[in-house]
Structure formats: structure tokens, C-alpha cells
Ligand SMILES: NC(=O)c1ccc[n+]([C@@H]2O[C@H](COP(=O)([O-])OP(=O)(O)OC[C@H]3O[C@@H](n4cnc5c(N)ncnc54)[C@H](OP(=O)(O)O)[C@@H]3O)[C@@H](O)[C@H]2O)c1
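Coming up is one lone chain in C-alpha cells, specifically the form predicted alone.
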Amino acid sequence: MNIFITGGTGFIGKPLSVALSGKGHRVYVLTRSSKNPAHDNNITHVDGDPAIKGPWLEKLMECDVVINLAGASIFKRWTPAYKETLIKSRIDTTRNIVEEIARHKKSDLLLISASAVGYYGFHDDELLDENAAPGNDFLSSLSKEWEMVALKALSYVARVILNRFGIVLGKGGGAIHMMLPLFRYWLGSQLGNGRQYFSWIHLYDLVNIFIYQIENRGLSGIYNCTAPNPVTNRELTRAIASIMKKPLIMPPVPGVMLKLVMGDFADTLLKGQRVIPKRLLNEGYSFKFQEINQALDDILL
């Protein structure tokens, strides 16, 4: 198949591109600069800004599958200006793709668009599957709008899949990459009361979920892309400290301090949600990394 990926040079997109290439697919990766070409004959970089319409859309329409991963990182201080960046980087990109699909009416296309478990808002320890209602905070509203734009493609394509990501854990990037320096210098500690849930997924499993969805032509709709066993922030903190053999000597990080540093993003860190991948489990998808200790062993050791 010919597969087009926005956000294909990032933490998730890069290993996904390599994995798809390894399966024999031809992969086109949208990038703002193709000066450093991919060292893989099956991967081609395409110049373009996903938030701006351009010639890159012509290449997209030559493909059988479009994977939309583009979006500014949420792991920054959420100022009003940065919230606008988060919105535009997701909504404008998705709208550009869907409008091009509508213009060509390519009915044999599969669109897989990213979303986030932040869609559900904050529910303490309530167990959430794909049927849970959306929340009403900023990230929930953004995710809901993001999905609504992607779902407009349903009138023109064979399948639309929305993947709601948990926090992605892997080597060389993501949330773990940001946390490790604190633990190395004995500064790791839980956030707030530590009871908030952390719905996570190993990068290996996330990549393989995409492959599973592409290869099984009967699949469509919403998928929670999280490991079957979410953990609390306290459990995560203790697991990292144990594997790194670093004692937890620092007191919990107060919520007030987090809000001063991270703005409204602090609520995401202090509240979270307990999400399970009900559809994947019901369909018999087998996770390689189901437990947090198992995942951290693979990433940190």
C-alpha cells in the first residue's frame, strides 16, 4: 500500500514509518524540510506544512491510507497563545486533509486520525472505555472538535479510525524522556496526591495497533490506544524509582507549584483519567506490554 503520514518525523511517526516500510508499504512522510532524506528506499519525505494547504495534498491523494499524527506537543506551559497553537496545529491540519478528500471523493481511502484520552475529561478512578462521554475541559473540547473534523470524511472514504492515545512511553522521547533527569538527580516525586490515573501505552504496541488496523479492513470507529492496566501517578513514580534504583526522598510536588509552572496543563497532570482499550481487547488484540514495570524495564534497562 501507499501510506501518507503527517507528523511522521516525530516520536511516534518515525518508528511507525520504519515499521510500515518493513512490512513492504511505500511511506510518504510530510515534513517542513526534506533536506535530510530518509535512509530507507520505501520512505519518501514530502515538503509541506500540514496546517497550510499545498502541493503535498496531491501526493496524499495518491495514497491508500492517510495517518494524521500532526499536532504541537501538549507537554508545555499552556498560555492562551500556546492553546491557540495546540488548536490550529490539529484542527487546521485535519480540516485540510478532509477537504481534499471531499474534493476528490476517494472512496477507497482509509483515514486514521489521532486523538487523545483527554477527550474523556477528568473522572477520578472511574473506568472509561470508548463509550464514555466527553469532558468539558480544554483538552476534552479540543479532542472532541479534532474528532468531529476527521469524522466529516466518512461521507467520502471507506473507513475512518480515530485513535485516542494515552501517554506514549518509549526510548528516546515522550513523557519518560522528560521525567528521567529528575530521577537521575534524586528529584523524582509524585505529583499532587499521586492518586490520579496515568493511562499509558508502550510505543511498540501503539505502532503495532496502527499496523493491525491497516491490515484488518473491517475495522473503523473509535479506539482507545492505552495499555490494559493504567496506573496511578504514585505507582508510576515508585516504578521508575525502583527500576532506576533511586530513592524517593523529595516530597510530593504541590499542585499550586505545578500550575505556576505549567499553567492549565497542570490539571492534566494532577487529575488524569483511567482508560482501558476495551475494543482492542474484545477484538483479541494482544499487547506486548501490559504492565508498567514490564514497559519501563524495556525502556530504561
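Because the structure is predicted, anything quoted here is derived from the model rather than measured. Don't overthink the numbering: it's just position in the shown sequence, from 1.
If you look for the form predicted together with the named molecule, you will not find it shown, but the lines that follow are about it.
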Contact residue in the predicted complex, from S189, S89, S140, Q196 (heavy atom within 4.5 Å of the named molecule) = S89
Given that the named molecule is left out here, which of A72, A102, L180, L154 has a heavy atom within 4.5 Å of it in the predicted complex?
-> A72
Per-stretch contact check against the named molecule in the predicted complex, the hit in 112-120, 227-235, 128-136, 212-220 (non-hydrogen atom, 4.5 angstroms) | 112-120
Using heavy atoms and a 4.5 Å limit, would one call T9 a contact residue for the named molecule in the predicted complex?
-> yes
Is there a heavy atom of D267 no more than 4.5 Å from a heavy atom of the named molecule in the predicted complex?
-> no
Does the 4.5 Å heavy atom contact test between G272 and the named molecule in the predicted complex come out positive?
-> no
is_contact(R32, the named molecule) in the predicted complex, heavy atom dist at most 4.5 Å | yes
Listed by sequence position, which residues of 149-169 have a non-hydrogen atom within 4.5 angstroms of the named molecule in the predicted complex?
-> F165, G166, I167, V168
